[in-house]
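Two forms, one protein chain; structure tokens for each follow separately as structure 1 and structure 2.
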Structure 1
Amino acid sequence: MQAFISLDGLVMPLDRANVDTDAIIPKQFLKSIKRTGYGPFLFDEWRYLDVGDVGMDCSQRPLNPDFVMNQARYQGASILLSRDNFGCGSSREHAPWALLDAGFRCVIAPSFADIFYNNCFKNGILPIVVAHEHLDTLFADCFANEAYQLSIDLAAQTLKTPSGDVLSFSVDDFRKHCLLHGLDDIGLTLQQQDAISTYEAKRKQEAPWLFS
């Protein structure tokens, strides 16, 4: 997993509440179990004017000009602003996979669905909870200023605006440690590789029939 230490990124405003995981990555794309390749299908039903499916060439599909992700000013965005209850619905881990594959490393919202929130940390995405009044200001400034960027420092747990305002955010110490060091569940397990190897060698001596 890619570590998250700091980020200076372009912001894309998705001014919607209750964005569920089926909107983030629709159900037909769950046929694939790979962690990559979902970026072109992120927000598929809002982003395109036709119906998408696995294996389609998205470069040939008709874009919805009214959807924020298709506007030129937000191309290359790595920070997503949204509203309450982001990531609700089913528990599919494909949702953070799609966001990450599309280049988003941070999602800012006043609240998240619990499973989606946890899945973000396991995939190198930082979900930041901010109060509604601060979020309203961020949305207003983002709409008013082209190429609007934010600076995020995970170690300091701060979010800095172009005007110099600094907002602090909370994050669990263990999740913070994992993000800073790029440790997902597999990475955490592999930190115990020596102990695992020692145990397996011991078991092979104690019960060799299990390894035949």
Structure 2
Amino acid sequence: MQAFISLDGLVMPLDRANVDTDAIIPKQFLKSIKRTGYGPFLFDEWRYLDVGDVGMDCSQRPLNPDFVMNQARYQGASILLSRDNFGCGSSREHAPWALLDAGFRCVIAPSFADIFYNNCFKNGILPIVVAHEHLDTLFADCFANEAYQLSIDLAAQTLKTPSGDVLSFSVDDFRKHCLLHGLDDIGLTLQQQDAISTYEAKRKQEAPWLFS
């Protein structure tokens, strides 16, 4: 996993609530057995006017000019700004894979669905929860200013706006540690092999029916 330390990035506003993982990456793309290559299909049904399918050459497809991602000013964005309950729905990790593949390293929203939130951390994406009143300002400023950028510092847990305002955000210590160092948590868990085996031995005594 790619470490996340800090990020100075262009912000793309996606001004809607309940953006679900079906919208982030529609199901037909879930047929791939790889982790990469989902970027061109991110938000496929909103982004293109035709029906997308696996293996299509997206450079030939008709774009939906009304969708924010197709506007020139947001090209190269690495921070996504959205509304409540971002990432709800299916547990598909293809959603963060698609965001990452399209260049997004950070999603800012007032609330996230649990599974999506968790999946972000496994893929080097930082989800930041921001209170509604700050979020409204961020949206307004982002719409009002071309090339609107934010500076994110994970170690300090701060988000800095172009006008110099600093918002702090919270993040769980363990997840922060893994993200800062790009750590694979399977390796960390396997350091506790003995504890797992001890637990199993005890449970086999207490609840043998669980082992069949």
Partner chain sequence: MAKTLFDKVWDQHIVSTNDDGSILLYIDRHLIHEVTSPQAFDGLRMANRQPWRCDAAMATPDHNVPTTQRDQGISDPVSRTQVQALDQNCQEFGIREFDMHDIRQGIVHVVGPEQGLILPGMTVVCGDSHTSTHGAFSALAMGIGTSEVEHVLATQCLIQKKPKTMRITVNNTLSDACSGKDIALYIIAQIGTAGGTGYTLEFAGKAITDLSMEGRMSLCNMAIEAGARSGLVAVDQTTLDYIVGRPFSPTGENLKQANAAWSQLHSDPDAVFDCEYSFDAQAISPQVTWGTSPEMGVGVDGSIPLLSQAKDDVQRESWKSALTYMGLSQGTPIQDIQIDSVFIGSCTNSRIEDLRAASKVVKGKQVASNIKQALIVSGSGLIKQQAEAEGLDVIFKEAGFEWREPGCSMCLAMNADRLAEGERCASTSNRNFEGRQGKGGRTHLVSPAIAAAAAIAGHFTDIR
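These figures come from a predicted structure and were not determined experimentally. Sequence positions of structure 1, starting at 1, serve as the residue numbers. Basically, rigid core = biggest C-alpha set you can superpose within 1.5 Å across the two forms.
- Two forms of the same chain are shown on their own. Structure 1 is the form predicted on its own.
- For Asp15, a C-alpha deviation below 2 angstroms is recorded between the two structures after rigid-core alignment.
- Core fit done between the two structures; CA of Lys202 shifted by 21.6 Å.
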